[in-house]
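Just the one chain here, laid out as structure tokens, in the form predicted alone.
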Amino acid sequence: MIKQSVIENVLEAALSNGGDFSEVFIEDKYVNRLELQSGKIDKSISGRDFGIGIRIFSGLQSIYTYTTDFSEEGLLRAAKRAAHAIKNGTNGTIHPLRKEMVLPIHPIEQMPQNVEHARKVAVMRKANEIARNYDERIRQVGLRYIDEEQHVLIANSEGKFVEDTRVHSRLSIQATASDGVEMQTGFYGPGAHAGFEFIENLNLEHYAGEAARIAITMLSADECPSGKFPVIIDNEFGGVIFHEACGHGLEATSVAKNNSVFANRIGEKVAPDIVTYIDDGTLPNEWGSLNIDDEGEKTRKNVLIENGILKGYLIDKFNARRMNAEVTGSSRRESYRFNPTSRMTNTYIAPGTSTPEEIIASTENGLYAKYMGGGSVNPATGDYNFAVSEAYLVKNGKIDRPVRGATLIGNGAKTLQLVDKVGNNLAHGAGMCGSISGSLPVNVGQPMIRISEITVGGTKGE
């Protein structure tokens, strides 16, 4: 990307005013986006983005800048400009750069850049056809296709010099159903750290069919009652609640500043024995997986909560200084435009021993949340509010009629304590997560779980 000698000069220039650590992040990214509406390609965007981020530490001071000028003069100018922001620093040492070899653990068979546009469109048209033919009440189908090929080079004053290539592919399907009076939507968005082979091998009958089925099912659903009762949350994207309401509270971004309900609680009981919560960036070809993080550290399996006991946090290099702790391969950023920090990769509740059938049968009355929708969380308190995109009442241990308008309201740390059943059917769902270092691909996951009591907001009284 850029000569090693130039990178060494930039690292040195960054420490010219007293910093004790400097880092260069070089990114070269290709992106393709396609959108299909009303059976036609509505949008087709392809682009390339190249830039360099420069970061400096001086004790607990962090300075970040970026540039798209990759000439040596431009890079040195940016590094020196950032260095001038350092106050009363102590000069650090530049160690010789040592190239590290990255062992790819996410095999890529078909690089998206080498795949003809027509093949990508053909998959979208097929998914559109399946969703539209599901039921005559499907009035609109929208599809979004995206692939990204990101090449990164990370070097720092400690001698790290490492390169990596990341490839992501995703197909999102939204179906809209209408009976002339009501209108409902269904969504599915599978993605992977993989090439076009992932898209081409998708079970479109399942994904497009599910998006359409959700919309049709919710079209005839009753209004959801409100109140407090047991809630069964299904696997896969059901994990979004704990991702948002607990996962962010386990990132050093908030823990290091004591802005988390989990801060300073290592070794404490924070959940029932049946709950083990893991973030694992090494899962082969999963949407949130990486070979290395954005500081050049190898990703790993981080057990955050084990049998109910808080075991650790997700820690990046700068917050490791604040916490006097070791990094966990969890530093991420959307692009060179963002200063990296601790972020989740593939975060999930480990499978338990109960079968889904046993969980449902043991629930006398409650709500079954089959698919979760969007929501909001207060990161400082963990208070959340999440919509349920497909829900059913549970009566006498059986799934009853579908209901719509359900909202789950609660507090993440408290809800974690109320998990009383964990299923054996772990699955992961792809999503995008936003935080101070940008929007990133992450997996949320869990088996089916039951929470003994949640406040359910509905559209009619209990």
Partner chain sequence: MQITEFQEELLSKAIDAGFQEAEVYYERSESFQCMIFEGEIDSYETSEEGGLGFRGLYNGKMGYAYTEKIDEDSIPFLIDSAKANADTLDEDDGSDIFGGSKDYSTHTFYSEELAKIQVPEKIELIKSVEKKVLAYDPRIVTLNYCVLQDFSGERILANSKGLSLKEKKNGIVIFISAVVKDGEEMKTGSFIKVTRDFGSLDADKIAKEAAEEALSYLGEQSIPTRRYPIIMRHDAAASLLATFTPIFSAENTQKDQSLLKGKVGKKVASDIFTLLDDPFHPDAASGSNFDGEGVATKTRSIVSNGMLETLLHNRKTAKIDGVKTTGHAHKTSYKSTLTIAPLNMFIAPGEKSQDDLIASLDNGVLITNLAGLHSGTNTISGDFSVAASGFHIKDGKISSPVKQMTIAGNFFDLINDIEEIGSDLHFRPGGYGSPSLRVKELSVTVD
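Positions refer to the first chain, counted from 1. These numbers were taken from a predicted model, which means no experiment stands behind them.
A second form of this protein, the form predicted together with its partner chain, is not displayed here; the remarks below concern that form.
J.: Are any of the heavy atoms in residue 401 no more than 4.5 Å from a heavy atom of its partner chain in the predicted complex?
T.: Contact with its partner chain, no.
J.: Residue-level contact is defined here as any heavy atom of the residue lying within 4.5 Å of its partner chain in the predicted complex; does residue 429 satisfy this criterion?
T.: Contact check for residue 429: no, nothing within 4.5 Å of its partner chain in the predicted complex.
J.: Heavy atom to heavy atom, is residue 387 within 4.5 Å of its partner chain in the predicted complex?
T.: Yes, residue 387 sits close enough to its partner chain in the predicted complex that at least one of its heavy atoms falls within 4.5 Å.
J.: If you check in the predicted complex, is residue 336 within 4.5 Å of its partner chain, heavy atoms only?
T.: Contact with its partner chain, yes.
J.: Going by heavy atom distances of 4.5 angstroms or less, which of 151, 298, 95, 228 would be at the interface with its partner chain in the predicted complex?
T.: Selected option: 228.
J.: Which pick from 312, 107, 374, 159 sits with a heavy atom within 4.5 Å of its partner chain in the predicted complex?
T.: Contact check passes for 374.
J.: Taking 4.5 angstroms as the heavy atom distance cut-off, pick the stretch from 184-192, 97-105, 356-364, 262-270 that is near its partner chain in the predicted complex.
T.: Flagged stretch: 184-192.
J.: Residue by residue through 46-80, which ones have a non-hydrogen atom no more than 4.5 angstroms from its partner chain in the predicted complex?
T.: Read in sequence order, the residues that approach its partner chain (within 4.5 Å, in the predicted complex) are 46, 47, 48, 49, 50, 60, 61, 62, 63, 64, 65, 66, 67, 68, 70, 77.
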